[in-house]
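Just one chain is shown here, as structure tokens, and it is the form predicted on its own.
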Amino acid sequence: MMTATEHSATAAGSGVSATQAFRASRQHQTEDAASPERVSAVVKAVLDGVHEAIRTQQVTYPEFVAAKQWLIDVGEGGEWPLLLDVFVEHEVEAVAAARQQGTKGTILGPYYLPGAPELPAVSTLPMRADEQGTPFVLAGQVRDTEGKPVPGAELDIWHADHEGYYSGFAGHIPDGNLRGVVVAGEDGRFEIGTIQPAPYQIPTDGPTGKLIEAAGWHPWRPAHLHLIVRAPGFRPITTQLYFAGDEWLDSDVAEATKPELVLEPRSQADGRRRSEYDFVLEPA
């Protein structure tokens, strides 16, 4: 199990990075604003839920004041991306998934950064010369819902290192480490060399961590690979791939794991572990 080190990313630092990345990604989105009727319906439902919880749990004024202070701390600490991604996004994704075909998706999480370098279909992710961890290969094919290859599909992939830290969110890791956009071949196939990531704790030194501690929950996420798989004319898939046998697979703090997304790597003669996983994209 990973323990805290002198490299530990702080909640505040991660919050700032996640907020900047979120704002950068929003610049490229063109989704229509919700109608006043839709805003009214959703916000009213959220408030009704809060009011019901207050009545059911008989929330006291001291508890209300503590919650108010905690929400202020979340905002001042820049932890809204972390809080929403860990505790809320999986339900939004589940609603979207009910209307979708193709490979199962899951949450984006707070550690995505746009602009990773483009790599060929058979490639190794950028990494330090002395990168620690078990060498790992993810190979497979991108197909459409009719089983036809999707030539030139992009696999935007990123993940933590062997200690559970992400480049861009921990100062001791070079920018762009273990991040890349792999372009599948004409047959939709790809083979990505990297290392197997470690499980990690979400930052616990801020208000989100204090909530987890106060509730008696654990802050761990199982080891995983993040991917956004996309191609012109198809709905992009945002997903994560997990590893069988992980200690936290059945109790992910973000509740984002799905059985269809669990890999079972096999050891190879060259010392690397390897998994095959195919992605299916549905027409946009």
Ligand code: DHB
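The structure presented is a predicted model; accordingly, all values stated were derived computationally and were not measured. Don't overthink the numbering: it's just position in the shown sequence, from 1.
We do not show the form predicted together with the named molecule, though everything after this point is about it.
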| request: Using a 4.5 Å heavy atom cut-off, indicate which stretch of 78-86, 186-194, 131-139, 95-103 touches the named molecule in the predicted bound form. | output: 78-86
| request: Would you kindly say which of 198, 150, 202, 113 lies with a heavy atom within 4.5 Å of the named molecule in the predicted bound form? | output: 202
| request: Quick one: from 155, 107, 127, 211, grab the residue that has a heavy atom within 4.5 Å of the named molecule in the predicted bound form. | output: 107
| request: Would you please decide whether residue 240 lies within 4.5 angstroms of the named molecule in the predicted bound form, comparing each non-hydrogen atom pair? | output: yes
| field | 4.5 Å heavy atom contact, residue 230 to the named molecule in the predicted bound form | value | no
| Any residue of 220-241 that, in the predicted bound form, places a heavy atom within 4.5 Å of the named molecule | 221, 224, 226, 240
